[in-house]
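This document starts with two versions of one protein chain, written out as structure tokens and named structure 1 and structure 2.
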Structure 1
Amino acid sequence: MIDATATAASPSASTPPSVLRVPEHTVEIVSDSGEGAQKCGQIFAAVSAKMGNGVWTVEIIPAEVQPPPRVPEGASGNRVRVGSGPVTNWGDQTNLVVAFNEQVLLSRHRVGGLAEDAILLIEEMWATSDDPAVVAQWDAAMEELSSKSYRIIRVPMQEQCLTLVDNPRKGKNMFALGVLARIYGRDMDRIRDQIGHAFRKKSEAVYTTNVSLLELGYHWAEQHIDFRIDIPLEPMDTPLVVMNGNEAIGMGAVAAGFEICAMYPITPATSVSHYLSEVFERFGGIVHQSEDEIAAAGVAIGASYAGKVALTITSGPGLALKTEFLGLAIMTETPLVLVDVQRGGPSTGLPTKVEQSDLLAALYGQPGDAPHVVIAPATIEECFHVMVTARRIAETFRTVVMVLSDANLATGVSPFPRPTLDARWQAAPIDLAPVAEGDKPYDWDLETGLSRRIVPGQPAGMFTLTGLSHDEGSKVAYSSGIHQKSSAMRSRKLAVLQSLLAPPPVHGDEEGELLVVGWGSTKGAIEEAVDRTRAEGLKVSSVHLRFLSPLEPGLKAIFARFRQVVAVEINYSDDPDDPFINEENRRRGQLAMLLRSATLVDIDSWTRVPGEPLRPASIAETIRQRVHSGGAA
């Protein structure tokens, strides 16, 4: 992708720099934690979006809060994919890295995310350190990196920054930003604006210093970097907002009119509550941090029972703890919205990494027959809107609605059209009108199973709800007839909800050789892979599901129009060629299992659990293999 004629940085470039025009480029900024690479990456991404590029940012997070300096595991920063058109996923490989030391750079090399010809801009102070151990590490790192044809450019960050500040540990990030601004032709005024947002509230002096460091980096690059990278801008007319999926969920919760969010801290869900804790009270809402996830579910159910639908937010281990309470909410038909921002599992698993392995637990994790709704937003934008949908469904259908997001959406940052807000999205005020004579707490409509909720404070509505099997009047009932009927009523609601849904749109042609089915955060990567392989002439399409319970209608008919169907997910499945694995014992991905049982179509499974989002290139590769092998694998 990078023009091979670009030569090494020369001390003073007298000839104009070569300009590489590319449709997209992926940039990483990595440092020890505390050196501010994340701020640099965030501002670079925000300005790129403002200028009219598509952007998808992911955080590079060390596992520990304060890892020691100069260790590969301590790498902290951002990875920003910038493209001409909209960018829907994190892409494939990194094209350019700015690293504050060679150890964090090594970590990026070792995870295998760097393009063969990546450009590496590396702080060079370590090469000439007084500490021979550091110099030895540097030499070893350069040796290791030489296995690829990277282009390595040494940058005197420390030396340059020392001309302006005493402690460049705080400040290199702005110098690096200046270098990137020059290389990518970013608008310096917009960058200064962003620096203003970030630092002006600290002090004017901090702001001024940061801007000087930015300009220093820019001018250094002007003199020493002999290439520029041009990613054509396609500014959109629609106003955009940029945020990560967890912020979008938080804002969605506000837009939906939630008033109570009960939670217990757990990565990667917690940042929703951080966001809400900051703003919710201004909207008349509160975040209640419970003693554990069980209590958080209980508090949310108590609040919902007493009025407006409440919210609880968690991740896998917390979902496990809430299980019994979810059964209670389903049995008492108390509406509740639960957000599960999935991470790798089982157990503590991969706390900060993406996985889609809670699907079956979400669907079937509650003992007993416990029908409820499960929805998965596919984009950051949908993380916002899904909250409105979820609250409405929970209220209308008197049931639990689970929203399955994941770490990819939670930490990915990307712009989307600013929502046009509608006050009708908000929960209605609590209705305390007297209950009519003869009305019961579960006045099931026999056809739909729907019934109207009675809320404490309504005169003549004094019933006791119970998790025991009960009749319309909430009378405890053990007779088989009543349990059969009430189970039917609770279950029927899902069929009714399904009747209101439309079949999912097919991305690509309505029929063909191969259909890829996905759910949740993989939409961008799957569709990009489908587009690439369609451009190669393959007859491939994809379908992306938002509703997992009930499923969207018409799936069987869509599947029937393709010779093969494969579900692509970030969870574990057996490879048919692995030892001991055969057709009878092969464990398939979770969506594949669900769809096979719902449609009796022989749906195949392709899944990976790399602890990172799927790359469009690897999905495209599996598409090619399947189409070329020409049959169900």
Structure 2
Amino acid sequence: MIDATATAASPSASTPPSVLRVPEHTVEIVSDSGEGAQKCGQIFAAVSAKMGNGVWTVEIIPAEVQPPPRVPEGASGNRVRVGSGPVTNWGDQTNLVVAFNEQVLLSRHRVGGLAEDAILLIEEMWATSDDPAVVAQWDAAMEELSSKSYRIIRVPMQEQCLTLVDNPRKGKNMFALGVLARIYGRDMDRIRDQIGHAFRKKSEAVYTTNVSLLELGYHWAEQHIDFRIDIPLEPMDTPLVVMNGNEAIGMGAVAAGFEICAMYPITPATSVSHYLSEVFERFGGIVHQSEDEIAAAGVAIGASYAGKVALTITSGPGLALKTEFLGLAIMTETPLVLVDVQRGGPSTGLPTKVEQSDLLAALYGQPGDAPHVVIAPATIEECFHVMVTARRIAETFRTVVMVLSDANLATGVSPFPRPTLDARWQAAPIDLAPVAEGDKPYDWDLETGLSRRIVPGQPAGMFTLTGLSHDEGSKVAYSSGIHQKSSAMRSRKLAVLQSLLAPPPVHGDEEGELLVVGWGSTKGAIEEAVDRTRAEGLKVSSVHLRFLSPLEPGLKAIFARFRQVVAVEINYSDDPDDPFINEENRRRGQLAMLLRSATLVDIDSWTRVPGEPLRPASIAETIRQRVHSGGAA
């Protein structure tokens, strides 16, 4: 390791900086909460994508709203994986870190997230603090970091920023952005434009100061950093958009013709409403912030019953609170789209961390038999398009459609081809023609379970709406025959929907030794791990599910072509080797439980709940172990 007390090397005129040309590189910017590291990473990622690099970001968010400064648990920032081609996940380990203090840097070191030879650019002010306790912390951190072969470069961020601003805490992020711009050869004009967009609600003076800090960092790196990193650009022929998953869901809601979004703020779903609050009214939409999660569901259901195109958005705790209202929507066959941006649980769990543990709650979290549709987008691009699909299904089948996103998709940023808008994505006008004599509000087609939607105000369409068991005329009915029939009609719609679906494609060969099955945001990491192990000669493939209810057809036939099938996901399962765990009591991952029930295939599971996305290397290692051992690992 380079001496931790050394400052950055200064390239001389006769010795130009060394250039490392790589197909990809991962950078992190970490700070105390409120110092703007996330904004720095967001701008760096957006500009990289617009220049023609593949990008995937993951936000590093502390669990507390305002954690104390200079503690490892308070690390806040952004991790950006940049590649010369498409990037589908956050990768394995970070190659370069910009840290605003040594304590937040320790947090990244301790989780094993940094490459053995990572370059660490760290604010040097703490090494010479007037507080002996701070200096002691610095020395202890340097000693701990010396266990790896890191290259540590001390950067005078505070000293430099003080030449322009009185409060460097509000300026270091733009200085760091300038340093990164120089190291990675980012287009400064694009960065200035992106800063203008990021601070579009601020004054011209704020923009000017931030650009000055950016340029200060760029010139400092030009004089003091003796290396450059070149990631080849591969601009696409088609126009791209760059956004995170929550923005994509919001844009998808607009494109799909939703008219009202009712929600209560909850991490990590809230930023969907932030986006919609800026644009929705221009397209005739309304964002309604309810007093709580229960009311939000009620508002959305009431609006839908009245004929509007409605959705509600939440995360795990909010999903639990909406349970009774969701049962009402299913019983009354009122179209409703619910987006659940999953986070760690149970209870309030890990508010800012990713998990996929809401699957069974989404499928079965209502009392009684309450069949409905559950879809999970796998990419940020799919977060946009899933909203069109969800609306069309909800209204065609008069049912509840749940969209399961998660914190990885919600805050991650990635480019994708600009969608070509289609008027057919929008909801068709509701048929307000008079209801024919004898027609009933639940005049179920016995083959499909479908019935016509009648909205308030339709001539001759008045009926009493009830959440109680009811007959075709919506009259309360407790007889066994009527309840059996109405339950069958609500369920049959899912079978009809499944008949319209195609079997999921297999990534890799159609048969082999091991099949990895995943859902949601794990797609990129799973497929990268499969590709790595296939390159090693292993007979492994993967399947990724978007529909969880109903399941996509043909799964049993696909599974039969592989000797082993394992579900990989971000929720908990018992390790077979743990104390007291045996085949009878072992709790498997939620997708594995679902697939075992549906197919009667002996599907195993490999799951982790680290509060962060799965790494391709970890998945690849478990693939190797399972293939070589012929079983569980």
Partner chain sequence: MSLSCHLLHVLQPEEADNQYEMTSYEGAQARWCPGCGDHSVLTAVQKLLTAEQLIPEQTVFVSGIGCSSRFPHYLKTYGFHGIHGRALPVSTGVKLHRPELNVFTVMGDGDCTSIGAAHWIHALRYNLDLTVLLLDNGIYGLTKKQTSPTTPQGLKTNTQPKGSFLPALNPLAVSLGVTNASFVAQTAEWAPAHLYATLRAAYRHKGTSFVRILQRCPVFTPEVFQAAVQDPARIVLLVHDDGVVTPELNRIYSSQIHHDPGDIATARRLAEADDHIHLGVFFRDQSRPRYEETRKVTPRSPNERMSRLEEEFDRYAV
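Everything numeric in this text was worked out from a predicted model, so none of it was measured. For residue numbers, the reference is structure 1: its sequence is counted from 1. Rigid core: the largest C-alpha set superposing within 1.5 Å between the two forms.
In this comparison the chain labelled structure 2 is the form predicted on its own, and the other chain is not. With the core superposed, residue 38 shows a C-alpha displacement of at least 2 Å between structure 1 and structure 2. Core-superposed comparison between structure 1 and structure 2: the CA of residue 439 stays below a 2 Å shift. Relative to the superposed core, residue 205 shifts its CA atom by 2 Å or more between structure 1 and structure 2. The two forms line up on their rigid core, and residue 70 then has its Cα shifted by 3.3 Å between structure 1 and structure 2.
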